[in-house]
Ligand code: 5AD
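The chain that follows stands alone, in the form predicted alone, written as structure tokens.
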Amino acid sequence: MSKFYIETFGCQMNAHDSEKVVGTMLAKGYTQVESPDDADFVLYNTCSIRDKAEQKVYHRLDTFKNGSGKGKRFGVLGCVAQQEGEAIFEKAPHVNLVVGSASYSKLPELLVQLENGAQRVTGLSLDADEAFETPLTRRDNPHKAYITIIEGCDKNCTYCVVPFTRGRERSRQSSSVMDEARQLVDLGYTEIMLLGQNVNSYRDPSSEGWDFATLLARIAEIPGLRRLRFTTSHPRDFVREIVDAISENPVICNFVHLPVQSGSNYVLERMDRLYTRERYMECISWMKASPRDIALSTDIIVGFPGETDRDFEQTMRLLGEVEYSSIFSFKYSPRPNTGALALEDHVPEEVKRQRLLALQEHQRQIQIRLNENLVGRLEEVFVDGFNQSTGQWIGKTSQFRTLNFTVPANTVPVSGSLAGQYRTVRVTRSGPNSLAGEMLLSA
């Protein structure tokens, strides 16, 4: 029986896509292995949002190009596959399969073509009806699950390849989403994360006509569901009703990832982000006014073409005003098929580097201060697992903060037995990136 290995690069969307691929491969009779050396079929599920992620994929492929991959077959999946298309065969001639994310439902028939002797097979359609869940999905986590509710993007941010690699927006029918959510809860999953390039752009294509806030509220009402998360949001489509849903239902986690990219209106306009700093801060004000303590995270790009010192300082000030619990920050890198390629006034690499370091240090100090304020607080933690090297359990709070904790002496359970459980933990220490604490005996 053929063995396969898969490595995933990128975000939760890519991780969930890999669950779909793994389920399909297992259903076809393949056996999954943990090392590419043991595999007959090596798959790389790729991300092309940043140039560095794309380079990693080709680096992995290069390790097999001089005969070490003899007898193996190779597949490139996901965004790099959609972006590069058949050009991948030229850069890495030993690749046999190139499949974009919208064509995973066609993977069984593509595998049949390879099994019947085809040397190169592609699946690069962006068919709007081919991108959602399948019954073949293999869930990697027995307690948490992803559900894709919307694929693609109708925005045209000048730095972003998503409209090209994922296609236009298409939303899944609310009845289908609800059915899957109920099924997952019946199977024992207590946390669900709703996924989409822009989840709050969701528009139910059925006669129900639900918007995202309505879908969020209805899923949160499913008996047995303990936590509901979502990512990623776009400020242009972020509405007060989403905050109202979070405020009114404790099942919906008090955490929102809302990418801002820049604190400068000039840069936002060049990025074609479709909102201003003022509009973004209005969204923040709704969350700050919530009776629940909503934690925020964001994405920021430094060194976008034309960004001046003054523009960058506006971004630094925005961090101080919002006080994010965490950020994802990057130096701008040109991506193919994007509008930013035509922009002038490129920022020197050294200036980008310095700005990124300054931004990250500023954010680090903010996180130190925010986390210090949590010492002494009781937090409900959803336990992910046990760290043998530190002797601590690892879990997430509803605000998506990592909390490492111990249990009282003489009550240490067998390693792994707390995974998937909810426990009350008192925070005793803090750092810039995580919290530490001790589980309560009464929990």
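In this text, all values refer to a predicted model and were calculated from it rather than measured experimentally. In case it trips you up, residue 1 is the first one in the sequence shown, and so on.
One more form of this protein should be noted, the form predicted in complex with the ligand, which is absent from this view; the next part is about it.
Ser201 falls outside the set of residues with a heavy atom inside 4.5 Å of the ligand in the predicted bound form. The closest non-hydrogen atom of His234 lies beyond 4.5 Å of the ligand in the predicted bound form. Within this chain, Thr315 is remote from the site of the ligand in the predicted bound form, having no heavy atom within 4.5 Å. The shortest heavy atom separation between Cys253 and the ligand in the predicted bound form exceeds 4.5 Å.
Between the options Phe74, Tyr280, Tyr159, Tyr324, the residue in contact with the ligand in the predicted bound form by a heavy atom within 4.5 angstroms is Tyr159.
The listed set Ile301, Cys153, Val177, Leu194 contains one residue whose heavy atoms approach the ligand in the predicted bound form to within 4.5 Å, identified as Ile301. The candidate stretches are 241-249, 213-221, 141-149, 259-267, and the one lying within 4.5 Å of the ligand in the predicted bound form by heavy atoms is 259-267. Annotation for 211-225: no interface residues with the ligand in the predicted bound form [heavy atom within 4.5 Å].
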